[in-house]
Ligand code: KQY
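Quick setup: one chain, the form predicted on its own, written in structure tokens, and binding and motion questions come after.
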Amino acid sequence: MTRTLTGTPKADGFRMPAEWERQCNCWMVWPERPDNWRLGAKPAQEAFSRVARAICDHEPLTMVVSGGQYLNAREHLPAQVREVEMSTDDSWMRDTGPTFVINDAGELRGVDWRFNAWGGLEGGLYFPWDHDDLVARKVLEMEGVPMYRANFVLEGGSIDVDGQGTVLTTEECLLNHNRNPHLTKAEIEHNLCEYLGADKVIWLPRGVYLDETDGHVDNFARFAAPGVVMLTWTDDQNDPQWEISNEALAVLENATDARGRRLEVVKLHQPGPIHITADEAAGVDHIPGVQPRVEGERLAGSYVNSFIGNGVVVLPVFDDVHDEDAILTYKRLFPDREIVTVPGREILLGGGNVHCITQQEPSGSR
């Protein structure tokens, strides 16, 4: 049993490191539920396998798998991937897994947030979610990492940090009444700083248009380096995303980070717009209480939703006219890392992308 700590990471001298800092492991969850992943999740399993292969060439990777899928996943995954059996409700490790924090001595701890499936009974994407609310605790126990249990609903994809005291998030998500309705904006900001070891929160009004997570920032705007933010963009003034992205651009261009730096904003033009086809919608089981997949529905496609690992960035692409520009931009932003592209459409059909299905564990002193 892992040790549950009192206090907060910030009070104890811990912070959430930036994603580009050294990692000792990446965590993922194997997809299988047929009411979210089409055709019995077989195409999604191949997509997740592609992501896992790209990452495990550069760092250790652990895949969480249900008992019923254990052998199937083993057949799909490289031998070096560690496979562990665990009960889950779906496969979004970014949102259900722990947020790891470190101190200057390299000690590692973890934050176990409350999870309510992106809104609970008021807009949540599935019910029940009790298995997913235990994922972070189980991961921390497995790793022998002391744990802070936050009395605060938060998904890992709703925040991004520069590792130097600055947090990015959206009002659309964290101020939504279906997350922490009893808290004011100031109280939510205080919680973020205390549990992430941060000093400043930059609030963007909204996230990607029609993002079913209520505007997770990791699909919209993320740090690529201290003082550098990638932003989902469109040049089409008739697209609803144009107003949202310009709104965010104005905030970012007038903001400074926790160390007083002005921010450089790098625009990444969105793919598409991308819509669900009739065949894709027909392949998903329709179950009451679960977010439906409907023909013609617009998907929240984004190149920002990538994974930054040890010596690698795993970037989703969409067979889109904007793919090449996105690849070139990432090569410029991350010249010391290999840019590995993976097909992003299949993961997007489930509601997220590469960043959403991964969670990094920093090395610290390991």
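Numbering starts at 1 and runs along the sequence shown. Small disclaimer: the values here were computed from a predicted structure and weren't measured.
What follows is about the form predicted together with this ligand, which we do not show.
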Looking at 223, 118, 100, 113 here, can you tell me which has any non-hydrogen atom within 4.5 angstroms of this ligand in the predicted complex?
118
Under a 4.5 angstroms heavy atom criterion, identify the one residue in 109, 206, 138, 293 near this ligand in the predicted complex.
293
Would you check whether this ligand, in the predicted complex, lies within 4.5 angstroms of a non-hydrogen atom from each of 95, 350 and 356?
yes
Looking in the predicted complex, any heavy atom of residue 125 within 4.5 Å of this ligand?
yes
Residue 36: heavy atom within 4.5 Å of this ligand in the predicted complex?
yes
Consider residue 241 of the chain shown here, and say whether it contacts this ligand in the predicted complex, taking contact as heavy atoms within 4.5 Å.
no
Is residue 213 a contact residue for this ligand in the predicted complex, using a 4.5 Å heavy atom cut-off?
yes
Which among 227-235, 213-221, 170-178, 81-89 is in contact with this ligand in the predicted complex, heavy atoms within 4.5 angstroms?
213-221
